[in-house]
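Okay, here we've got a single chain as structure tokens, the form predicted alone, with questions on binding and movement later.
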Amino acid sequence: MSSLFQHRDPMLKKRDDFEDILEERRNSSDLRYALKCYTPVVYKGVTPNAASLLKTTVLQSDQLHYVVDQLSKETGVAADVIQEEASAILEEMAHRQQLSTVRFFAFTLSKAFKALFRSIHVNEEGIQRLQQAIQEHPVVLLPSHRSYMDFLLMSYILYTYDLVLPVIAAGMDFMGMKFVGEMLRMSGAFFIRRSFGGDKLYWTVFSEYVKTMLRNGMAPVEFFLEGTRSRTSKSLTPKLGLLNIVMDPFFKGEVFDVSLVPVSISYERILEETLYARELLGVPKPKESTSGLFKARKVLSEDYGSIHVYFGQPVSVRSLAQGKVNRCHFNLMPRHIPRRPSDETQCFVNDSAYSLVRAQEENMVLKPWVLLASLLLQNQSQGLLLDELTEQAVWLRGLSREYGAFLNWPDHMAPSEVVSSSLSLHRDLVKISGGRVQLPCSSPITEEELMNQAVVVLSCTSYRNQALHVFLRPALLASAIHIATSAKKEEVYNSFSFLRNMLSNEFILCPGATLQDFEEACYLLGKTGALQMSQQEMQVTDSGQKTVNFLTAMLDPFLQGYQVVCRYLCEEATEALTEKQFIPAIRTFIVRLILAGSLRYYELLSSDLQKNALAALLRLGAIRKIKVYVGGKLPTQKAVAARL
């Protein structure tokens, strides 16, 4: 069983070295940096920044003309009127990149980044690979998304290394920010609606805009595979719309290849940590505004540690599709006629999306605090003595490295110094009293006290979650061994398969890879001496008990959360309730249980966990959606029936 993973032992994976791009900024003029000679190498000699030409090409495209004619026939509206509407959509959407604005951002961001961060580390080899890819094929940049800072950071890095600046898909929320919205547009952002519904014209303008940029190689296209920022620091289920669009020119033979570049951005301390925690507890997200941006200036006096940005290996769509997608059927119909992707194509795009998010995860750089947060969350009630915490962190450092974690632990420092430094950076989340370190959580008496403590816990879980991809598969196996009715391998595999299926809304688990995940988990637990396996049975070793206990404790809050949602739906939800009613109702139920002392995990209050549990129960058929009539009309919200 272990032979499958012997050749891809995560410990043997070579990763690039990093350089700190802020070091030079601290020692030279920011103005000179902003005004430097900027002549990036482009794709096959294409002239960059041809924004007006791009608009003309989109409006004259065969696909747009076809859709305009179809809509005119369907609605009876003159084609000229619909064409004007398309032009207005494009005007609202399109970027207008200007070098003067880029230089302004280069200067401003240099000042801000030096104030906020100790260092910004970038893998130079990744930059060199990207530079090569940009010259050969259209490039799509796919960064992870944990902070508002991500897309600014990406453009800043590419400008620093004299690479072509990307054109970035941004939400319409930013366009509403006075002055800032236009500045973002002039630095390369194009604005799209969060959802298009069935708006064929909008979809056509949008997809043609992106495909025209790719076909002509005007600039790398950048978007977030997850669609939105992760408030939990876990990777989100990838959205497939934009990935479908960027692969389409290859499927139709309009370009020889497209290079997809996964980028992993790791923050030692997240700027929005408290904001995210409050959002997960039901506090509405503040509206993006210029005044809000200026009010947030006080963060410039805080220390947010370091950032690591890892540009992964460019992934060739041509190589990915080899033997998986038959491109012949794309020639059976004129290219300009829109068509839904076939099941084969959709399956390929879905599998590719999961693989790309996994590539992002594997190149995430974990800081020591991620390990400390994991340990403190498992010892919330009593905390740990400082020496004990250091000892446990050193043990966990070894385990995480064995499992292939990309860990940034400064080995030249004594472990006690590393731990003290991490605790100091995150002092808002811990209290140290009498040599004991713990999260500031006492037995809450009121709901307000509970919510204040929950903000701290959810902030900590966002750091613990950064390491979940490292421990997930062994943790699923450890939990499966715990719940299986016997030590038989088949029995354990069935339990593993059930848990994996149930939690597939929660984590990035590639479809159809249950057996591979099981074998990888067996290999990793066996490799670290925690598991003994024969042909038929598997047993946890005495020396492996500590590892298995840690792993099961890591997944326990998620399993408890799903259990509580089931309990609520069975005991409390006596009638159907809308999805909108579900989150506040389950939150009230959990608050009651915690205040009564019958539940100990504050992270169960996270709306993310609650929504994932509901989605899993719907997918597994444990509950169902029904349409209900209110006042003779169908409501926009579908109701959730608690039981079949």
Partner chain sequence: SILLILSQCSVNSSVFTQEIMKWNGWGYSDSRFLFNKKGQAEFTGKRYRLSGMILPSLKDWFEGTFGASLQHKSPATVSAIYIYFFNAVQPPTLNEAFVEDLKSVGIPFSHDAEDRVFRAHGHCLHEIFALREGKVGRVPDLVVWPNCHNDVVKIVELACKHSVCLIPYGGGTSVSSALECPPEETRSIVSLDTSQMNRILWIDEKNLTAHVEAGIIGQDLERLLNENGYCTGHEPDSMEFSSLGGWVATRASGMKKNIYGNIEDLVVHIKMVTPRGVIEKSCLGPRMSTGPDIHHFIMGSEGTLGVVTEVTMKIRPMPEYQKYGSVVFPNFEQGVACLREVARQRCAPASIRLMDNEQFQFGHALKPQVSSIFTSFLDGLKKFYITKFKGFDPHHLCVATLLFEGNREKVLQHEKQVYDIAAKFGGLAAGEDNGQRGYMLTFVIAYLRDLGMDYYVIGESFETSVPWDRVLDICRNVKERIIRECKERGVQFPPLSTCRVTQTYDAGACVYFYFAFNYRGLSDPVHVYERVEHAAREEILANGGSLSHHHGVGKLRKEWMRETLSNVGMGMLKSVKDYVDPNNIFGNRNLL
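Quantities reported herein were computed from a predicted structural model and do not represent experimental measurements. Positions refer to the first chain, counted from 1.
Only in words, not in the display: the form predicted in complex with the partner chain, which the text now covers.
Participant: Just checking whether V255 would be counted as a contact of the partner chain in the model of the complex - the rule being heavy atoms within 4.5 angstroms.
Facilitator: Yes, V255 is a contact residue.
Participant: Using 4.5 Å between non-hydrogen atoms, is S424 touching the partner chain in the model of the complex?
Facilitator: S424: no, not in contact with the partner chain in the model of the complex.
Participant: With the cut-off set at 4.5 Å between non-hydrogen atoms, does H145 touch the partner chain in the model of the complex?
Facilitator: Close contact is absent here: in the model of the complex, H145 is far from the partner chain, nothing within 4.5 Å, heavy atoms only.
Participant: In the model of the complex, does R26 come within 4.5 Å of the partner chain, counting heavy atoms only?
Facilitator: Because no heavy atom of R26 falls inside 4.5 Å of the partner chain in the model of the complex, the answer is no.
Participant: Taking the partner chain in the model of the complex, would H137, C328 and N331 all count as contacting it (heavy atom within 4.5 Å)?
Facilitator: Each of the three qualifies.
Participant: Sort through R436, R118, K239, R335 and report the residue having a heavy atom within 4.5 Å of the partner chain in the model of the complex.
Facilitator: After the contact test, the surviving option is R335.
Participant: Counting any non-hydrogen atom inside 4.5 Å, which residue from R103, R318, R401, K431 sits next to the partner chain in the model of the complex?
Facilitator: Only one listed residue qualifies here, and that residue is R318.
Participant: Please pick out the stretch from 439-447, 409-417, 221-229, 320-328 that is in contact with the partner chain in the model of the complex, where contact means heavy atoms within 4.5 Å.
Facilitator: Stretch 320-328 is the one.
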